[in-house]
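To begin, one chain is listed below as structure tokens, in the form predicted on its own.
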């Protein structure tokens, strides 16, 4: 495969455009997942998305719409439990994660296309991204990124000291639940790229990698975006060239970059 294929083959064009859009969105959100230590929450949301997608597919309703609603509901519930602290956060996430995955598998078992569709939901296939998906992803990405950068200072204030931010007059509850909602929808949109099982990696790894070298949050965001776009493009190329699963290939490459950054920090930055 050469560069001209990316420019002339329709499904590769969709894969590249959709993959880059998702990479940018997830890498921007990655900072908040990293700072707030929301990695387990994101894993719970990604598994919840699988349950919602399965229900949507079975009912013949837009799976992305139903998956988003389901993931948002689970995400807000996890956030609420986390804030109230009535049940330990890890326990509530584990319960909801298991329930959502089990529900998705049961629902998918009634489908005639159980094997192929279940595999696609679990591990993703970036080559199935359509023009309609690109419109949805680009629209949501523009709105979400605009919201994040408009409220960036407030969001970072909330991340580091939510109680003081609340005293200062910032609507911390709104920003908290709005961020979880954006993460939930972004997770659903990323499933065609890497699948529900691996989608959490694409939102955890960017900031985790960039933070090995930089500590200013704006530098972390910029570096996360650059690395994510590079990784997705390389992953698409390698997966198509060697007939490998696209999602798994992208996550493996990103993991290798992360380990390289860790080693670089230890050797050169002390």
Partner chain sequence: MIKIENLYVEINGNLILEDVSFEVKKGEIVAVVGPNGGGKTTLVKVILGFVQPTKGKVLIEGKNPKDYVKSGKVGYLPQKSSYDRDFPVSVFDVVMFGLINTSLPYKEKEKKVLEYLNYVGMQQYKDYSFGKLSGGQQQRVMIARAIISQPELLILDEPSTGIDVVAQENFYEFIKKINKEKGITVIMVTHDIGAIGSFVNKVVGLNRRLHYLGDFKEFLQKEALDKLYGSEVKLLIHSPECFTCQHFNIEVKKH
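Positions refer to the first chain, counted from 1. The structure presented is a predicted model; accordingly, all values stated were derived computationally and were not measured.
Heads up, the form predicted together with its partner chain isn't pictured, but that's what we're talking about next.
Visitor: Heavy atoms within 4.5 Å of its partner chain in the model of the complex: which of the stretches 46-54, 240-248, 209-217, 223-231 has them?
Guide: Among the listed stretches, the partner-contacting one is 209-217.
Visitor: Given that its partner chain is left out here, which of 134, 178, 107, 159 has a heavy atom within 4.5 Å of it in the model of the complex?
Guide: Exactly one listed residue reaches within 4.5 Å, namely 159.
Visitor: Exactly one of 142, 164, 102, 91 has a non-hydrogen atom within 4.5 Å of its partner chain in the model of the complex; which residue is it?
Guide: Contact with its partner chain in the model of the complex is made by 164 alone.
Visitor: Taking its partner chain as it sits in the model of the complex, is residue 35 near enough to touch it, meaning that at least one heavy atom pair lies within 4.5 angstroms?
Guide: It does: once its partner chain is placed as it appears in the model of the complex, residue 35 has a heavy atom within 4.5 Å of it.
Visitor: Give a yes or no for residue 197: in the model of the complex, does one of its heavy atoms lie within 4.5 Å of a heavy atom belonging to its partner chain?
Guide: Residue 197 lies outside the contact set for its partner chain.
Visitor: Please check if residue 170 has a heavy atom lying within 4.5 Å of any heavy atom of its partner chain in the model of the complex.
Guide: Because a heavy atom of residue 170 falls inside 4.5 Å of its partner chain in the model of the complex, the answer is yes.
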